[in-house]
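The chain below stands alone and is given in structure tokens; this is the form predicted alone.
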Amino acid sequence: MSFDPQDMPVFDAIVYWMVVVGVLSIIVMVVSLLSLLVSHRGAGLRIFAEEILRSLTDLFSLSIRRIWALSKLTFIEAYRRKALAVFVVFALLFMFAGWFMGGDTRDMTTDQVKVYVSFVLRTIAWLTLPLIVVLSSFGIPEEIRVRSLHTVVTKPARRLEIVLGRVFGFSMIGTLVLLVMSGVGYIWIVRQVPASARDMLVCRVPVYGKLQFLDRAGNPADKGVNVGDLWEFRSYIEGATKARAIWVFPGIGERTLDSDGNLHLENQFLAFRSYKGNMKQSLLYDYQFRNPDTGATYTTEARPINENRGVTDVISRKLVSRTDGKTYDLIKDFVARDGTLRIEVSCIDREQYLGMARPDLFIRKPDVSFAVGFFKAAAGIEIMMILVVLLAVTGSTFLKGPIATVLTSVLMILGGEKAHAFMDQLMIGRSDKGGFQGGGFFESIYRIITHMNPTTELPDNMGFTIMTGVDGLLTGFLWLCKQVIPRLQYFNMSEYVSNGFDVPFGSTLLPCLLILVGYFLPCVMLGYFALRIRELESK
């Protein structure tokens, strides 16, 4: 499996968040003002101004002491509801998990280690998140039903503090559950993996570069040769020609090397054979280091590829040319002035092809401890758990417990990568094949009634212009609704750890934190206003 993490553009994400939240806030305020004007006529504007002023007063009068007291109360109530009984299920799973994992642990393979790590992280997520959803969704509605919340609101506790106390309290109980499960899970993995296979529990730290190609004549090209593979993730270079795959790695220095001063290059190239040849012999490739500033070059010896598992090539810092015997220093002679290292890969076998994509070659920095990567993945589950608490508590302020549970569960399902990809296709009106799907709502109705082919262009007149304009407004509204659904694909970090990679901060943890912070203020304010206008006497 190839990983191609992309760092999140923080500034663009903040601007995007401000636009979405600003538009939604304006819509909510306009609708609220119009409803007050309709129901209270002339006094509607005054009531609206008083509500805004009262909200600002509550916001600036928050008491950390009261929030902490409400958080502890929420924690104790969750404990009394036997929330920690999930540990029993967790213990049973781990007691008998070894029966179903299969294989002889005395001679464990990389795939078996991957299964063990993935099993633990997924079990933690699947046991923790449903528990937190149910607890958070039924918290406020149950307190309203048994009228225990009336005791709280008669005290000097504001509605905003109640919402924050519930969010922090449920997050605390979830954190306790997650810490215990993560610790037990880590110990279980270490004890299940024999000492002979402990070296497989690693977290590689890759440095990815930018990839460009040269064609068989040595001219720059956007991509390599297409050998007919339906999945165009990889491009191929032809052997025994001037075709090259060129990686440019940024930020290369002394810290990139290991303790012995060696550079580790890990690749997972694919082979495409235009003729059978000797199937027992792997295709050969070589590396060429080139400094664009000085023109210095060095070519390594030929190396065989390993298609199934990949291979790690150890390059010594001291490079001795086989042609003229000149000695090069890898860092001093081949790292450019801007700190980049240029590596060219060529296929040696004539009429054979090597396939590669950007993440198929990376510089492997010194590994970090497996515990570091494991608990980073657990931190991703923790952040997602807090986000789920936010959504569930917000839904429980204006919905009954079962409905709030369903709403939160639906948001979690729609937050997956495939669901968001499908919604993106609906927004632009195109399918995976790129074909036009007939436009928006009214345009689709017109095409159905008139039996017009979806690929046929609409007539150019005022009526159809108005129709497409209205469809554009509806699509924009649907786009705005789609932004309410969080993108949860960032939170799944088990694939990194199970495949032996460290969890990158810029492309995983940072987006998770930004998503949590981005949802915190809107959810808390929505829950605050919903709890203020809700009739607490209602069952």
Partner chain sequence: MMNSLTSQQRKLAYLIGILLLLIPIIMLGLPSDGTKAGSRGKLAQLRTEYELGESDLGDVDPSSAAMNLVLLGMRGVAVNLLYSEFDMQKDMKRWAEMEATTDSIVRLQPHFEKVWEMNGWNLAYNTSAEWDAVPDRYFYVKKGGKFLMRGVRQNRKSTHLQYHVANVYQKKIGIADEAKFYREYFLHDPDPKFKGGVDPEFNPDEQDNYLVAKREFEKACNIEDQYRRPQHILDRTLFRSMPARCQFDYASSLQKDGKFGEVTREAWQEALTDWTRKYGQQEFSIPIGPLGTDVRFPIRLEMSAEDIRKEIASPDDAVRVAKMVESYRKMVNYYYWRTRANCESESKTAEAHRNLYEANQFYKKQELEKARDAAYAGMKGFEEILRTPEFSDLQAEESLVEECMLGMMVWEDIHRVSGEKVPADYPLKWLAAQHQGNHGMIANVQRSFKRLFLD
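The structure displayed is predicted, hence computed values, not measured ones. Residue numbers count along the first chain shown, from 1. Rigid core: the largest C-alpha set superposing within 1.5 Å between the two forms.
Below, we refer to the form predicted together with its partner chain, which is not included among the displayed structures.
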So which of K318, R273, K326, K82 reaches within 4.5 angstroms of its partner chain in the predicted bound form, heavy atom to heavy atom?
R273
Exactly one of R322, R337, K210, K418 comes within 4.5 Å of its partner chain in the predicted bound form through a heavy atom, and that residue is K418
Looking in the predicted bound form, is its partner chain within 4.5 angstroms of a heavy atom from every one of V31, L411 and D471?
no
Indicate whether K114 is a 4.5 Å heavy atom neighbour of its partner chain in the predicted bound form.
yes
Might S282 be said to contact its partner chain in the predicted bound form, defining contact as any heavy atom within 4.5 Å?
yes
Using 4.5 Å between non-hydrogen atoms, is M462 touching its partner chain in the predicted bound form?
no
Are any of the heavy atoms in T450 no more than 4.5 Å from a heavy atom of its partner chain in the predicted bound form?
no
Any idea which of 184 to 192, 245 to 253, 306 to 314, 138 to 146 reaches within 4.5 Å of its partner chain in the predicted bound form, heavy atoms considered?
306 to 314
Residues of stretch 477 to 495 in contact with its partner chain in the predicted bound form (4.5 Å, non-hydrogen atom):
E495
Core superposition between the shown form and the other one, C-alpha change of A195 at least 2 Å
no
Please state whether D229 has a C-alpha shift of 2 Å or more between the shown form and the other one, with the rigid core used for the fit.
yes
